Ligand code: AOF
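Let's start with one chain on its own, the form predicted alone, as structure tokens.
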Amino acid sequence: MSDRSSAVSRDDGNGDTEARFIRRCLELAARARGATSPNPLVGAVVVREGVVVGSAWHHRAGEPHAERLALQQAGPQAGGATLYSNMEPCCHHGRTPPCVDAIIEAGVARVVSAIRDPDPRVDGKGFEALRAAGIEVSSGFESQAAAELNAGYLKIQRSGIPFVIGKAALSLDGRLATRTGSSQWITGEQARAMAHRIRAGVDAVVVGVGTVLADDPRLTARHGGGAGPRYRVVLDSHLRTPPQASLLQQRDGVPLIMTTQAAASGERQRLEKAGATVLVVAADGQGRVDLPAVLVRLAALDVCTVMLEGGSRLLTEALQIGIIDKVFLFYAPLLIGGAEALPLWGGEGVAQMDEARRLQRVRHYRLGRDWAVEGYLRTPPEPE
């Protein structure tokens, strides 16, 4: 699909033209959140004499890339035009042909990109091929925003491990639930709607079996324009997930239960009959599903972004071993109290204040009576 809504956009002569068109590419690319993995989110705009003559975004893996779709919409007007893209055009044959070939064939005079593609098959080679064909190439515009949009893609290309988001709804005193496990609902509708929009943009959402037993979640995205999550994952070392669990009754996404060798084969068969895909992964020192092993297994399924949604034990372990890259914490003006109420980060935590985890690039959102804090726990994605 292409986007014609900006077909009358013109260069306003304010010196911010390059960044403005790259921002448009980012807006277009974001429309496919949750749908393109293992490919990046990419939007493209073709501009001739200050007028947008073609614009599009990559919809999903295996379908035409944004650059080709935008060039198709531009047609003959692509000759001598500038093509903007939030990522370096590809130069290799995958499920679709190289975008650089289409750019050269269309007679584009100039290409402007935000960041280089770290895929070893590209990684600057796309820019080199364009320059070799006599096309002017510029990059680096809105690079940080472009890196954040494709944080999952960049991380998995560089490390082989998905980008991990930790999400929680909390009282002001940091409780996920009361001492009896009651947690519905800590936050209001606006906060829950935002959480669903975030969920819609990830490839997999992960919870522990305790959350399934306590809350019976569906783990689907009921708000937002994203396509995800493709996988609704339960970490269940001994296969205690009930076959009638709501997450097994949903049509959207694959219900995936990760367990250990200790699980009974009969329980596995019962859950598979109920519609679950059951995978055995390594156990940690306590006999629970090993989180790093889970991430490796999800990467093999083309998962680039993972959201951990709880409960307290899962988030505590993830924080303790340092696998969370970014957090979305939703706060309500409530005080729950109680030493046995479930915390965001239980266990021993850190011993000294200088060991405390400090968020980077923090953003705040007011959501009706509640608010959210977004920030990075690990080094944020950097453009190259």
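What you see is a predicted model, and the numbers here were worked out from it, not measured in a lab. Residue numbers run from 1 along the displayed sequence.
There is another form of this protein, the form predicted in complex with the ligand, and it is not shown here; the text below is about that form.
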In the predicted complex, which of the listed residues (G188, G94, G181, G275) lies with a heavy atom within 4.5 Å of the ligand? G94
Partner-contacting position among C99, V164, I257, V303 - heavy atom within 4.5 Å of the ligand in the predicted complex: C99
Looking in the predicted complex, any heavy atom of G126 within 4.5 Å of the ligand? no
Is D119 part of the interface with the ligand in the predicted complex - any heavy atom within 4.5 Å? yes
D236: heavy atom within 4.5 Å of the ligand in the predicted complex? no
Can any non-hydrogen atom of S37 be found within 4.5 angstroms of the ligand in the predicted complex? no
Report the stretch among 65-73, 355-363, 339-347, 324-332 that approaches the ligand in the predicted complex to within 4.5 Å, counting heavy atoms only. 65-73
Heavy atom contacts to the ligand in the predicted complex at 4.5 Å, residues of 40-59 in sequence order: P40, V42, H58
